[in-house]
Structures are given as structure tokens and as C-alpha cells.
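Single chain ahead, by itself, as C-alpha cells, in the form predicted alone.
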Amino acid sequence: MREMPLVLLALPVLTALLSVGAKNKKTLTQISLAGGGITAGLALWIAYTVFHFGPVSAGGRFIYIDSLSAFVMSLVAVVGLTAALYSVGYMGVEIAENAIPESRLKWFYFWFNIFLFTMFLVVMVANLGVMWVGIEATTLASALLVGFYDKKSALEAAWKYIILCTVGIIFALFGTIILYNAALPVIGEGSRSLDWFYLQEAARQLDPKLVKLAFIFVLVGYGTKVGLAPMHTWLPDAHSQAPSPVSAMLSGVLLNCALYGILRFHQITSHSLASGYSTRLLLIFGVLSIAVALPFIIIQHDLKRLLAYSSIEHMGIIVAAVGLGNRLALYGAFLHMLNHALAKPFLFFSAGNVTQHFHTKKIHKIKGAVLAMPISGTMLLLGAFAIAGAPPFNIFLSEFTIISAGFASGQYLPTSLMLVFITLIFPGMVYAATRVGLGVPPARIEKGEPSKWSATMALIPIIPLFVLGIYIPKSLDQVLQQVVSIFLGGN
């Protein structure tokens, strides 16, 4: 078992290399599906082991996986597998319509799997310095996917993504170096001074001034990658220009991997300082992000940019919930992280099918998607209600939990602002979705789904969105409680 985490890191790299060597599209598809299935299965098995038997380490503590690591790793595994499955139909349509040559498909799968590897690396390593390298690597791997279509708009989005996130990640590097200097007098030189586990144990002995400074740099640095306002400007461009399977990965799990970096520093900072310093900053940035997303959702004219701004909103909700700091709010934060990771790929899959069929992402040019594409159009409409927080879908339950926790803890002003912003965002999302979904489609649009496989992948995810809106399984509740305990002094 101790070597299985290292095998998990090797699997997506092996899948990527085999993809480059594939001779034809059929072989390439088989490699992608087999590699994705085995990788996801192993990741979930390791996570199961952590949740039931405790943390897992490997490679001389290069790898250390606790409940928080296993939780985010599970999200990466599930979303990565569903995106790989969806890619089969989506990229097939792109090749059939000459959007990309078939010869480039192997490079899509190569970078797709390298991207997957970098995200697993981020959540599995114990060393904060290596974690920084992993988060920077996610930018480099995914930027090539953002600009995959080689169009001017896609290349501009990719360069904007690289430049802004690299500048942000430099701030995070400064924060990491400052924390290392704070740890030297306490832990001593060596890798332990950047091991988040040992840093958390020694947190109360660290220089509080250095810890505060480190957290500010890290919050701004990794917050850029999370898409927190006002460092969010790269996100709508990148998410809207990438192929839809990549958009699902960016929104569903990449943002959570960057947030994972902030949460590790938040653990150390909150243990080091008794003043609630980091929670206040998280609450401020979280509420600000929801507020900034609001007007752009209401006036949005591009379908995929609409979903991207929705991601800014929901990452803001998660960060604000962590900032509220009490047990119920933390429980709601990680439930919301799960719910958003499941809902957003579902929406990007549906939107990908619709935009492929209508050959546009402009909302005013898409009409009657439900009639033209009964499965994808209907799922897009339902998905918009789900992501906007309508009952009985899962997003409503986690948002209700977070708002209830905020009022119960007496934090009336930030909680009231969150409630107002979320309420105002709801009609913006629903209005855009109804414009796209309802009405009569243009005469030039043929009725039917471009790919039955893609349509099926847009249909299946509606099940967990509905189930988790009315029922939280006991096993999931226990997992969430374990993750929450990490921030409340547990193991």
C-alpha cells in the first residue's frame, strides 16, 4: 500500500506517453479510457484507505495524504474520469467538423493527462515547496489546453492565463519562503521546515509577524489561481476558450487544487495565531468575489463565460464559508466544494454540446436548445437551476448550510451580503439559461444530438446533483466531518 501513491502519480504520465505513441483514433480512445479508469479507481481506493484507516505516506514522506488531501484527490479522480469519458464524443465531433485535425488529438490527450498528474501531485505532496512547483505546473500544462484551438482568442486567453497566474504564483513563492524562514529557528534546516504537517505541529512557536506576512502573500498568490477577486481576470477568458472537457477540469478541480494550497497555509496560520487573522481575510476575499461575479453574470452574453463567472461566485462562497470558521460553516464549505465540482462539469458538458451544435457561444444566437437537442438542452436548463442554487439540487443544500452557519454564529453583515448577492445571481443565471433553452430553434439548426456519447455524458451527472440535494449518505457525512476536524484541531 505504501507504494500505491507513487503508482498513482505514474499512471497519468504513462497514459500521456502511450497517447503520443498511439497509431490511430480508436487506439488513442482505448488508452485514454483505460488509463483514466485505472487512475480514478486507484485514487479512490487510496482515499478510501485514508478515510477508514488514517493518513498514508510514501517515498520517505515525500507523499503524505490526510483526509483533506484524500477529499480533494477524490474530486480530481472523479472529474478527471468524467472529463476523459466526455472527451471521446466531444473531440470526435470537433474532428468531424474540422475544428481540429485528427493528428492533434494525441496531443490533447497527452496534455490532458499531464494536467491530471500535476493536480494529483499538488494534493499528495507534504512539502509546501514541491506543492508550489505542482501548482505552477498545473498552469503550464493547462495553458496548452486553453490555447489548443490555435485561434487568436484562444491564444490570447492562454497567454493571459500564463502571465497573470505566474505573477500570482511568484507571490505565493515569497509567502512560502517567508514561512520557511519562520520555521528555521524552530524546526531547523531541511525538508521538515517546509513539511506542512511539522509546520502545523510547531505553529505556535513560529514568529507571528512572519506568519501573517506569509499568509498575505500566499492568499494573493494562490488566490489568483483560485479566481478570487480582484485577481480573477484570467479565469473567464481561459475557461471560455478551452475545449469543454478542459473547461470542466479547470472549473471543477483546478480551482480546488489552488484553494487546497491556501487551506494548508490557513491551517498553519490559524494554529499559529489566535486572533482569527486568516479567517477574516478569507471572509473578505470570499464575499468580494461573489459581489464581483454578480454584475458579470447578469449582463453576460457568452455562455461559457457565464459559467466561468459562476465559478468565481462559487469559489467565493467556499472561501467565505471557511472564513466563517465554525464547524457548520466548514462542513458547508467542503460540501459546497463537492457539489460545485460535480455540478460545473455537468454544465460545461451540456453547454459544450449546445455550442458545438449551434456553432456559437453567444447567448443571443442560441435559441430553442431544448427542442433542437432534447437531452443536452434540457440538461443545460436544469443545470442552470442547479448551479444557481434552486431546490432540490445539491448546491441549494450546501448554500443553505453555509448561510445558516453564518447567522447562527452571529456574523450577520457578511452573511447578509452573501445572501443578497447569491439571491441576485439566481435570476441572472436562470434568465440566460431560459433564453438559450426555450423558444423555437432557428431553421438552419437540425434536431438531434451531434454525439450520442456526449449527450449521455451530459445526462448521467444529473443524478448525484439531485440525490445530494435531498440526502447526504452517512459515509459522505463521515468524510466531511473528518475534513472539518482538521481545521478544528483534529488529525
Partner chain sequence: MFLGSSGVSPVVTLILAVCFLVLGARRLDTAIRLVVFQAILLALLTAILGLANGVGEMVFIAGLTLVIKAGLIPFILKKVVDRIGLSSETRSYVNRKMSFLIAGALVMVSYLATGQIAATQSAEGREILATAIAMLLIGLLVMMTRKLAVMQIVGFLIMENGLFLAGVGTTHGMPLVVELGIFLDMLIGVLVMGILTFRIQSSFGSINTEKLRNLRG
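Numbering follows the first chain given and starts at 1. Here the structure is a predicted model, which means the values were calculated and not measured.
Below: the form predicted together with the partner chain, not depicted.
Judged by heavy atoms and a 4.5 Å cut-off, are Ser32, Tyr90 and Glu97 together in contact with the partner chain in the predicted bound form?
No, none of the three is in contact.
Find out whether any non-hydrogen atom of Arg204 is located within 4.5 angstroms of the partner chain in the predicted bound form, and reply yes or no.
Arg204 lies outside the contact set for the partner chain.
Going by a heavy atom distance of 4.5 Å, is Glu136 a contact of the partner chain in the predicted bound form?
The answer is yes: Glu136 has a heavy atom within 4.5 Å of the partner chain.
Spell out, yes or no, whether the shortest heavy atom distance between Asn339 and the partner chain in the predicted bound form is within 4.5 Å.
Judged by the heavy-atom cut-off of 4.5 Å, Asn339 is well away from the partner chain in the predicted bound form.
Does at least one non-hydrogen atom of Lys209 fall within 4.5 angstroms of the partner chain in the predicted bound form?
Looking in the predicted bound form, residue contacts with the partner chain include Lys209, since a heavy atom lies within 4.5 Å.
Among Cys257, Ala84, Leu75, Ala158, which has any heavy atom within 4.5 Å of the partner chain in the predicted bound form?
Partner contact (heavy atom, 4.5 Å) among the options: Ala158.
By the heavy atom within 4.5 Å rule, which residue out of Gln241, Ser311, Asn353, Ser289 makes contact with the partner chain in the predicted bound form?
Looking at the other structure, the residue within range turns out to be Gln241.
Can you tell me which of 313-321, 342-350, 121-129, 246-254 lies within 4.5 Å of the partner chain in the predicted bound form, counting heavy atoms only?
It is 121-129 that comes within 4.5 Å of the partner.
Taking the partner chain in the predicted bound form, which residues along 138-153 bring a heavy atom to within 4.5 Å of it?
Read in sequence order, the residues that approach the partner chain (within 4.5 Å, in the predicted bound form) are Leu140, Leu144, Gly147, Asp150, Lys152, Ser153.
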